[in-house]
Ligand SMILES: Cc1cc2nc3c(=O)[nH]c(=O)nc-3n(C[C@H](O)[C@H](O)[C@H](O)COP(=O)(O)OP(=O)(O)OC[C@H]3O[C@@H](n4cnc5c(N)ncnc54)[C@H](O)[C@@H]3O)c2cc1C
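One chain comes next, on its own, written as structure tokens: the form predicted on its own.
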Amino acid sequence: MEHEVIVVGAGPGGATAAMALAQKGYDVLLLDRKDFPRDKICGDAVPATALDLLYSLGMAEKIKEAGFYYIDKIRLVSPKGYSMDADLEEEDHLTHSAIVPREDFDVLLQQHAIDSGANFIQAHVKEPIVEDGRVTGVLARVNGSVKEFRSKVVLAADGVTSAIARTIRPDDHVDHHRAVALRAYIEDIEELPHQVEFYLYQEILPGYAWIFPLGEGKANIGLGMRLDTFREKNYNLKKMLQDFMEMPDIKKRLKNGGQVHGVATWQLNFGSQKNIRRAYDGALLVGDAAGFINPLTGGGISNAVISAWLATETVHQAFLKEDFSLNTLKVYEEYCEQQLWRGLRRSYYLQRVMEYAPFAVDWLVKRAQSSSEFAQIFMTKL
């Protein structure tokens, strides 16, 4: 079971890395514990930056034919109830941001990775194989038995609970740099067509509640907040969602009382904590496994796709050198620093403003009624 590259996790980060490396001619094995299509807890917002990169990997026609629900407007509601609506400015992109259930989005990417030449196996990766301090493959359960899969390099894109990261980098994220969120689907809401909604009300700061439309009265609805605040205040996410739906401006839009389904919670690791390693001898961490969640919005798809692309370039250079040691792979850390870190830190500072100066959020939203700049910050960070 030898391959040149093993990619663990076939979500947006893993599938992007697999398709990019397969298109370069490498023997890629893509592993995921679930078969596709499968649900993935998420807000379902896919930014135009991610779609641009997928277009460059040959997905333009598949994405156009998939019928994504595109977004062209945004609504922000401040702690005191100031509201602003703005057009999204995405002229520099090849397409618009979209709301796409992950069950549909992920299978599209996974299939394109296969079409690009990657081999896919449904397998539950238990741990990496580490020899003399270097990752040389993975142990995975396939059809009830544990098998070894070997490779020159392993890309871990298996999410926040990554089996690879858990072994080579014990969880060192602190609650201050983590979040908890709840997602549900609703099918009886009067949605704002092609407009995403963010509610920055006092009780949830520095988090927010959202309504992301899917068309025909359907929407992804949910909320998220920083983990330390959640634990300190002993909140209940399901009750918080119900309270949000009981707000007068929301309740009046529920046609049959607001019946929800697909309710699920999950945790996220923000990309705002310093000194988190993502490169090791024989392995790189990608996307959520690397902790690249945006600390302002909780969005992770764009950073997952970007980090996958950076990992692909790193691995390609490693093959040219025939050197998969940390000394070669650590350039990935530099790429991530250049491409992602500045935006993540800026989002972290904005998150702190939301926490300690909610009046500033009121002022920004009220002032932004004549300018969409503040709205653009939210969408680009999503």
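Note that residue numbering follows the sequence shown and begins at 1. Remember, predicted model here, so these are calculated numbers, not experimental data.
The same protein also exists as the form predicted together with this ligand; that form is not shown, yet it is the one meant from here on.
Proximity of Ala157 to this ligand in the predicted complex falls within the 4.5 Å heavy atom cutoff.
Although the partner is absent here, Leu182 sits close enough that one of its heavy atoms falls within 4.5 Å of this ligand in the predicted complex.
When this ligand is considered in the predicted complex, Leu29 lies well away from it, no heavy atom lying within 4.5 Å. At a distance threshold of 4.5 angstroms between non-hydrogen atoms, Tyr82 is out of contact with this ligand in the predicted complex.
Just one of Tyr201, Tyr235, Trp309, Trp266 comes within 4.5 Å of this ligand in the predicted complex, counting any heavy atom, and that one is Trp266. Interface residue among Leu88, Ile293, Leu76, Met225, judged by heavy atoms within 4.5 Å of this ligand in the predicted complex: Ile293. Residues of just one listed stretch (252-260, 225-233, 284-292, 238-246) have heavy atoms within 4.5 Å of this ligand in the predicted complex: 284-292. Contact with this ligand in the predicted complex, defined as a heavy atom within 4.5 Å, is made by none of His176, Pro206 and Leu344. Residues Val8, Gly9, Ala10, Gly11, Pro12, Gly13, Gly14, Leu31, Asp32, Arg33, Lys34, Phe36, Arg38, Lys40, Ile41, Cys42, Gly43, Asp44, Ala45 are the members of 8-46 with a non-hydrogen atom no more than 4.5 angstroms from this ligand in the predicted complex.
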